[in-house]
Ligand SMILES: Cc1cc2nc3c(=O)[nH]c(=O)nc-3n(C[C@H](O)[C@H](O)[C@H](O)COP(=O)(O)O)c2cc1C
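Taking the form predicted on its own, here's one chain by itself in structure tokens.
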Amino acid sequence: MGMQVTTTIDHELCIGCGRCIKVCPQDTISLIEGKAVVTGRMSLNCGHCQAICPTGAARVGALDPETHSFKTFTMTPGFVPFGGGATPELVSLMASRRSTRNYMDTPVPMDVLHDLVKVGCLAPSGTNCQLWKFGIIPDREGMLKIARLTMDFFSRTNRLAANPLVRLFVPQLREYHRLYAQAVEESIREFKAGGRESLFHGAPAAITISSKPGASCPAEDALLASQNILLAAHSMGYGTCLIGMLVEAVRHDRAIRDALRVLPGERLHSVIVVGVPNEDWKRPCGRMKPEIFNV
């Protein structure tokens, strides 16, 4: 959709209050003879005008009402006003979410995975471009296919990193060899022997988030969407974990990119495994003390 204007104003309903003009980030709307009029040539299609119009006169055609329609739950209707949310419950949810590395064999219903993607799409994005793509790996068969390709990539990486001469000229491999190579080698050996699959921690499904070309801040967009998914999954009874090793492997291995359908010009930013947790947490924990300073 880009910056194409899809905003319309119903002049019969418009009362000329000017609220839509005040909140429009692109100056798409003007007040002419006491009525709101679409005059701009560009729009973020953010929906601010639609959200604030007291009579429902403003509409943004690019917005899909189905993004608020879910299969596994019903969203509470209406706008939550500033200060109207339940902050203690929200923060408790954030504190309780943990990276899950032990999963039941229970499959994750496709409706749940699609609802989690929709929740991810509620995140903000730079200039509201929403140039993200969500891939779904729905079952263990698909997960194991990607795991095998990734293990092959890291087997080759380990062979390179084992060569002191290569490490001398590739600083990234020096760090990888020092911190990760031995643990990765053990995981590969265990996986090939038919043991534990440690890349995805045995999770039955995953969601990938990549970006199409043209996004102003694609990595940030993807990670904001990821946080939405992580929190929503916890509230729905599912554990999650971000798999950074696969994101790194995709940057260097075409076979994995093709398997995950990351097209030329696109970039993978986030891989989230999802499943019923086989863990019994008792309490939320704190975090390491942050560095806070005035600017």
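The shown structure was predicted, so the numbers you read here are calculated from the model rather than taken from an experiment. Numbers follow the displayed sequence, beginning with 1.
The following text describes the form predicted in complex with the named molecule, which does not appear among the structures shown.
Enquirer: Taking heavy atoms only, is K212 within 4.5 angstroms of the named molecule in the predicted bound form?
Expert: Flag for K212 set to no.
Enquirer: I'd like to check something about L242: if you look in the predicted bound form, is any of its heavy atoms closer than or equal to 4.5 Å to a heavy atom of the named molecule?
Expert: Contact check for L242: yes, within 4.5 Å of the named molecule in the predicted bound form.
Enquirer: In the predicted bound form, is there a heavy atom of the named molecule that lies within 4.5 Å of any heavy atom of R167, even though the partner is absent here?
Expert: Result no; R167 lies far from the named molecule in the predicted bound form.
Enquirer: Taking the shortest heavy atom distance, is R283 within 4.5 Å of the named molecule in the predicted bound form?
Expert: So R283 does not count as contacting the named molecule.
Enquirer: Ok, S99, N102, T72, T127: which has a heavy atom sitting within 4.5 Å of the named molecule in the predicted bound form?
Expert: Of the candidates S99, N102, T72, T127, S99 is the one lying within 4.5 Å of the named molecule in the predicted bound form.
Enquirer: Looking at K118, R140, H177, H201, which is the one with a non-hydrogen atom within 4.5 Å of the named molecule in the predicted bound form?
Expert: Selected option: H201.
Enquirer: Tell me which stretch of 234-242, 39-47, 259-267, 61-69 has a heavy atom within 4.5 angstroms of the named molecule in the predicted bound form.
Expert: Contact-bearing stretch, as computed: 234-242.
Enquirer: Just give me the residues of 256-295, first to last, that have a heavy atom within 4.5 Å of the named molecule in the predicted bound form.
Expert: Just R287.
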